[in-house]
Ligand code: CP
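Here's a solo chain for you in structure tokens, the form predicted alone.
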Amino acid sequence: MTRHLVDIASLSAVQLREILNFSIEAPKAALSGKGVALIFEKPSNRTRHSMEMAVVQLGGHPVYTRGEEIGLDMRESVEDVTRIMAGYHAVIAARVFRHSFIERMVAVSDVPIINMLSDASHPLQALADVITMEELVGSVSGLTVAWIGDYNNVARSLTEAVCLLGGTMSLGCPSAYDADDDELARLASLGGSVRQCASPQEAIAGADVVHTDTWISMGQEKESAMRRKIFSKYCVNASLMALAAPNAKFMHCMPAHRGEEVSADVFDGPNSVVIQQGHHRLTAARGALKWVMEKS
């Protein structure tokens, strides 16, 4: 049976733990002599480097392809691209604007599909976040994790992972940029605990780990002025971090904008673990690749 990594919620808690265990194991030649297609509709720094190096460390050959070289649903259909690439490669990994593209790839592929990012989900980032938290703070099942800012794809995947692993997720997001009631119910069904707070101060109170992300993601540039105004009270600064648990860790998936979603003294401060978090993107990529290859 072909394994895919579409989003965190598509995994069971056991499967999520399997990927995490694969991640922290020493590299093995799971991809020896095999190719991995890396499709990037959206450019990336961490995702490209971590995935390419993960493939190499597992003995495979990564092939980086820009979105304009393929033209998904413009030059060729998603399905045609997927079927052709499945004949060349052992794994297809894609970073796309629309989550539906990932789902359509899965529907026609007989090789594993890995979601490197979509508008709905960022599972590789969530894996790196969990690896970092468990390495530095302890088991997620005993943690309270705060998210401050936009409830975006990164927040969704992180919240799914924390819930699946039995932790407590505390969301501090502006109205209309938060999780709606249906989303909160879906998250609650995964296990753990999730709460949505009326203010960033309430959300961060007592948290062991504090996460945030840029207010303006790729493709949202036209909303910049509006978003900066709406999110102006959601900057993770020293006074906000002071409400978290003593020695709480600060995390950010990067790229970061000092002075907007986080102050420079927090981002570059002694409790910031953003560099370790970024490095664990490679750890997570290895685990994801090994897991999809294990029984595929």
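Remember, predicted model here, so these are calculated numbers, not experimental data. Just count from 1 along the sequence shown to find any residue number.
Same protein, other form: the form predicted in complex with the named molecule, not shown, and the subject of what follows.
Using heavy atoms only and a 4.5 Å cut-off, decide whether all three of 44, 122 and 281 touch the named molecule in the model of the complex. All of them do, each having a heavy atom within 4.5 Å of the partner.
Heavy atom within 4.5 Å of the named molecule in the model of the complex: which of 235, 254, 30, 245? Checking each option against the named molecule in the model of the complex, the one that comes within 4.5 Å is 254.
Quick one: of 218, 188, 108, 84, which gets a non-hydrogen atom within 4.5 angstroms of the named molecule in the model of the complex? Exactly one listed residue reaches within 4.5 Å, namely 218.
Just one stretch in 246-254, 260-268, 223-231, 22-30 has heavy atoms within 4.5 Å of the named molecule in the model of the complex, so which one is it? Only one stretch qualifies here: 246-254.
With the cut-off set at 4.5 Å between non-hydrogen atoms, does residue 95 touch the named molecule in the model of the complex? Yes, residue 95 lies within 4.5 Å of the named molecule in the model of the complex.
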